[in-house]
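A single chain, nothing else alongside it, follows as structure tokens in the form predicted alone.
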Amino acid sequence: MNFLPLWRYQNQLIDGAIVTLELTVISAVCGLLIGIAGAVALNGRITPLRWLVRGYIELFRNTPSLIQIFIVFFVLPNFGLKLPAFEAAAVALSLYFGAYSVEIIRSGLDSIPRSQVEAGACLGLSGWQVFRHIILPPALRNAYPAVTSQFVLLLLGTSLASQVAADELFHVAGFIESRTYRSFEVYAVICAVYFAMAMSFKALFAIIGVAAFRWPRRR
């Protein structure tokens, strides 16, 4: 084993890690917004909209995310919508993350006792105020562990974007391997970087959970 030839590619590795983080954060934020909107729609009274959201969930949760990236990148240009590799991956991963977020957020919304909603209405709060101040904060608190776990899975899943030549970490690994022919060393380093990022986010989310939601620390 010889890791020294990889040292000259440290800048490419750093750039790839940054792109991976950008892709993860953008997809997670957009997916979470989709999840909140979809969860509200599922709990709403508009039946066709509920069917539409349910179809979206089943479609994106029961098909490979790689195929979804391929459809956005290779198929949509046939309909006049051509996106660069990074943007195409971000759109596909956002929709994929959103499909899971809908059910996670919905379960959080369903965990709020009906009596709290009725109490807010009795205080003269509007429907939006009840949702914003009474329903949404505890719902997000209850959904937080599942959302953060899904975020880590999304981080690892960004490696699929390499298949459309997005300049994320795994794509950089393929480039370095093709130049150095050090397959084991290259992918050992990439594995270590993914592991470090995943564990760092887990630690960060645990700290945020303790600080924001006053959860007890695990012993």
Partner chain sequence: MRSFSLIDFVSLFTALRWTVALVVLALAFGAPLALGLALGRISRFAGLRWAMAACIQVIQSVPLLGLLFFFYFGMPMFLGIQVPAIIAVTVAYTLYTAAFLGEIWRGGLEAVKQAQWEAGACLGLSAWQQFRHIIAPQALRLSLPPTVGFLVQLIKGTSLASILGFVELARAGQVVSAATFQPLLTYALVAAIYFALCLPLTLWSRTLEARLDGSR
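Positions refer to the first chain, counted from 1. This structure is a prediction, so every number in the text was calculated from the model and none was measured.
Keep in mind that the form predicted together with the partner chain is missing from the display, and what follows is about it.
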Does the trio R54, N78 and Y187 actually contact the partner chain in the predicted complex, every residue with a heavy atom within 4.5 Å?
yes
Going by heavy atom distances of 4.5 angstroms or less, which of L32, L160, A39, V172 would be at the interface with the partner chain in the predicted complex?
L160
Work out which of the listed stretches, 86-94, 100-108, 136-144, 122-130, brings a heavy atom within 4.5 angstroms of the partner chain in the predicted complex.
100-108
Considering only heavy atoms, tell me if I46 and the partner chain come within 4.5 Å of each other in the predicted complex.
no
Does A165 make contact with the partner chain in the predicted complex, using a 4.5 Å heavy atom cut-off?
no
Please run the contact check for I26 against the partner chain in the predicted complex: heavy atoms, 4.5 angstroms, yes or no?
no
Residue-level contact is defined here as any heavy atom of the residue lying within 4.5 Å of the partner chain in the predicted complex; does A198 satisfy this criterion?
yes
